[in-house]
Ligand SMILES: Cc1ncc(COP(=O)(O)O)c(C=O)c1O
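What follows is a single chain, given as structure tokens, in the form predicted on its own.
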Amino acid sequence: MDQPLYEKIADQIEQNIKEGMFIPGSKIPSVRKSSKQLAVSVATVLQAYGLLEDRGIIKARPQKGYFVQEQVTSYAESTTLEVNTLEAIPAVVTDLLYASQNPDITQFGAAIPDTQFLPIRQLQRSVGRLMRLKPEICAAYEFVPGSLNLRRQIAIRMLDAGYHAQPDEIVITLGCQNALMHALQATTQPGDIIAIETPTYHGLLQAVNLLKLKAIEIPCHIETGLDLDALEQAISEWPVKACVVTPSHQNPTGSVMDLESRKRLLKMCKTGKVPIIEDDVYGELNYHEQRIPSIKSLDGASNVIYCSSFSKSIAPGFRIGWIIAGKHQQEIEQLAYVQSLAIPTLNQKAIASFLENGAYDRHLRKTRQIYAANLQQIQQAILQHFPIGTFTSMPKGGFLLWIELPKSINALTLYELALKQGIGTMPGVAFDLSQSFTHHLRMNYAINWDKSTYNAIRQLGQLIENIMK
């Protein structure tokens, strides 16, 4: 006899709670919202919620909704922490990088904004003006730490992150990936153990592999970010040399750590003498709420190394990032000099010019609105065309959506089938060392939303249905 639909829904919600999608004490979607998300009747959702109440998983609060019981086992408690290494870089990552250059592929996979969302014309004017007035700069070296004017402009931008930086604190890098590499090299040696989020940015996993490090994967909840209880356990049990965290609009989950969690993380790592490497590459792309202060801004003892770039908001191809390294600055300047010598001068000058005339803030306001609108459209399309049992994250910024498919779906198989139809996705196995996110996808929605984009979502839904048969 087939399992009733309401039981299937209850089982899926219970599993989501165990895996950390909803943490103890948090509110789950309302009956009406779940009814729309799952395309089922309100009565069916009420039956499912009633069953979850009987199981002691959730509890109804009059006039407020349904909440996860406080005693439910958390993600950290149900996860065994282990020290891992990356045996091999998943081929899907390198394949996707090649596919991202193909204009005939719908680019849901790579975390690269479509060029229409980048200030191409303004940069073109900046470059043109510079080349007319000072043509020699395209051949000149801009040695470490980089353009003083650009560093001044970045110091002004850092005020929005809550940090009063001096230009001399800032070192320009070849994007945020380069900054992360410098930070890891300054704080670790081959064989050392670091703490990282899981799932996490695949470029970080490759850095772990290249630098011959070992990693403890700390669960990252799709709403609240890094599981601090699990991190505390890791620090108490292993000699953790650094903790890498993306507190704002994490890649791939889109999670955001609140202010109190950031303060707790900082205090915990100071006590354990663990440097924090803060990746804030999506920090300026928050949609509605005021930007939460960076962890760096809360740090009075130079325990935080701050990394960011303009690759997600201005020009990915310019490769302009920066690092604020505190007590590690001298070592990082030396690393930057040895590995890069200099960053392209023209790129630095052009971005500095763009920043100083106020155009960047206007660009950000417009882009944030478009990304928020795109998010609603992609979620509605997924709700319409993906099967029951599909859940998505609820980003408050950035442009990445984390999708959990029914467990019977192998996201790597879906990726391969979709690519043959001209649709790029990024399967979840690319985002952790143990490759446990087999039925997850990350999708980029910083793309032009039109009929062909909608049809690509519909095709993905059809492919998923075919796999399930």
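In this text, residue numbers run from 1 along the sequence as written. Treat the numbers as computed from the prediction; the structure is a model and nothing was measured.
The same protein also has a form predicted in complex with this ligand, omitted here; what follows describes it.
Residue stretch of 310-318, 210-218, 136-144, 360-368 approaching this ligand in the model of the complex, non-hydrogen atom distance within 4.5 Å: Looking at the other structure, the answer is 310-318.
Among the candidate residues Q177, T390, S126, N84, which is the single one with a non-hydrogen atom no more than 4.5 Å from this ligand in the model of the complex? Exactly one residue meets the criterion: Q177.
Just one of V281, V304, I332, L150 has a heavy atom within 4.5 Å of this ligand in the model of the complex. Which one? For this set of options, the contacting one is V281.
Does any heavy atom of I295 come within 4.5 Å of a heavy atom of this ligand in the model of the complex? Residue-level check for I295: no, no contact with this ligand.
Please tell me whether any heavy atom belonging to A111 falls inside 4.5 Å of a heavy atom of this ligand, as the geometry stands in the model of the complex. Contact check for A111: yes, within 4.5 Å of this ligand in the model of the complex.
Using the partner position in the model of the complex, report whether Q107 sits within 4.5 Å of this ligand, counting heavy atoms only. Because no heavy atom of Q107 falls inside 4.5 Å of this ligand in the model of the complex, the answer is no.
Does this ligand come within 4.5 Å of any heavy atom of T253 in the model of the complex? Taking the distances in the model of the complex, the answer for T253 is no, it never comes within 4.5 Å of this ligand.
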